[in-house]
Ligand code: PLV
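Presented below, as C-alpha cells, is a lone chain in the form predicted on its own.
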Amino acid sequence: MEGRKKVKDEVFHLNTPLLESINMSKRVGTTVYLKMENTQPSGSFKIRGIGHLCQQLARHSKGVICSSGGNAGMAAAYAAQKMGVPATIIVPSSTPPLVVQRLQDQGATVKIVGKVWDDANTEALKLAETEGLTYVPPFDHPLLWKGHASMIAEVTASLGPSVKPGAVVVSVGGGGLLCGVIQGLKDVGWTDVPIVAMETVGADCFNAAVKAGKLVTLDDITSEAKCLGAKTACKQVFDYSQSSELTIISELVTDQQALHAIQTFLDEERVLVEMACGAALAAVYSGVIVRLQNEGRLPALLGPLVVIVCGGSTINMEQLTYLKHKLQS
C-alpha cells in the first residue's frame, strides 16, 4: 500500500517553459510567448488532464483503456506506468507505426481497430464495459479540463501580476485543450482574453459547429492533422462558443499552411511538433492574427500573444518528409 499511497500526491506533468519568440513577435508586431507543452514527459499537454483524471479515477483500477491516435494514448500509457497499472490503448489504422511503437515502449498493450478515432473509441468503451477497465476519455471530461487548466495558472505565474495576454492561441481537435484553457482563464479572472481556436480544413468539427449553431458530426477526417481528428466536438466546448461572456474566434488553415508552420517552427525555434500543433502556429505564420486585427476582431494594439505549443508525438523526420511529398506535390 505504501507505494500506492506515495503516488497519490505525485503530479505527472511538468511546469513547462514559457518562451518569448523573437521571430514570431516580429511577424505579429507584439510579444509572442510560447507555452512549450511539447516538453511534457508524454510529448504533449495531454498528460496534464489525463494524469489528473487517472489520479482521481484509476488509482485502484485493474487497468486503464484509452482510444487515441497518439497523444492521449501516450499520456494514458505514461500515467498508468507511473501508477503501476496496466494500460490498453486502442488506435485507428491511420496511426503512424512510430506511435504504436512508442506506446508499446511505454509498456502499453496496443490494439488497432477501425479507420478513424471514433471507431477505436467505440471499441474502447465496449472493452471498458466487458473487462472492467477504467475508460480514459481523450478530451471530453471535466477532470481532463481541470488538469489542462493548470497550464494557464503557470502562464499567469510566468508573466507576473502586471501582464495580461492580448489573446491565447490554441489548436482544437475534440475541444479538450480549449475547455481546459477556458477553465484556466476563468480560474485567474481572464475571461475577457480572446481565444483564437485553430483547426485544419478536413478536421474542423468545432468550426463546423460554430457555423451551424449546433454540434455537427463530420463525414470523415480528410486532414493530415490526424490528432485533430474527432468527427464531433464535445458539447462543453460548443456551449462555450455560444457564451456571451467569452470571445472565441474559430479559424481554419489548410494542411499546407499547418505543414509550412511546423517547418518554419523547426527552422526558427529548432523544435519539431506535429501537424495538429501546426494549426495553432499557423495563426502567426500564415497571418491569421494580423488579418483578425485588420478586420477589427482583435485589437490593433494587441497585448502579448500566448501560443499553446501543444506538442505531439506523431512526428519524426521520416513523417515530415512523407507529409512534404504528399502535401507539396
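Given the structure is predicted, the values throughout are model-derived calculations rather than measurements. All residue numbers are counted from 1 along the displayed sequence.
Only in words, not in the display: the form predicted together with the ligand, which the text now covers.
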Shown-form site status with respect to the ligand as positioned in the predicted complex after superposition (2.4 Å backbone/C-beta criterion, 3+ atoms): open
Answer with one of 155, 230, 259, 124: the residue that has a non-hydrogen atom within 4.5 Å of the ligand in the predicted complex. 230
Tell me, yes or no, whether residue 226 is in contact with the ligand in the predicted complex, where a contact means a heavy atom of each within 4.5 Å. yes
is_contact(residue 139, the ligand) in the predicted complex, heavy atom dist at most 4.5 Å: yes
Considering non-hydrogen atoms and a 4.5 Å limit, does the ligand approach residue 276 in the predicted complex? yes
Indicate whether the ligand has at least one heavy atom within 4.5 Å of a heavy atom of residue 173 in the predicted complex. yes
If contact means a heavy atom within 4.5 Å, which one of 43-51, 282-290, 262-270, 297-305 is the stretch that engages the ligand in the predicted complex? 43-51
Could you tell me if all three of 68, 177 and 312 have a heavy atom no more than 4.5 Å from the ligand in the predicted complex? yes
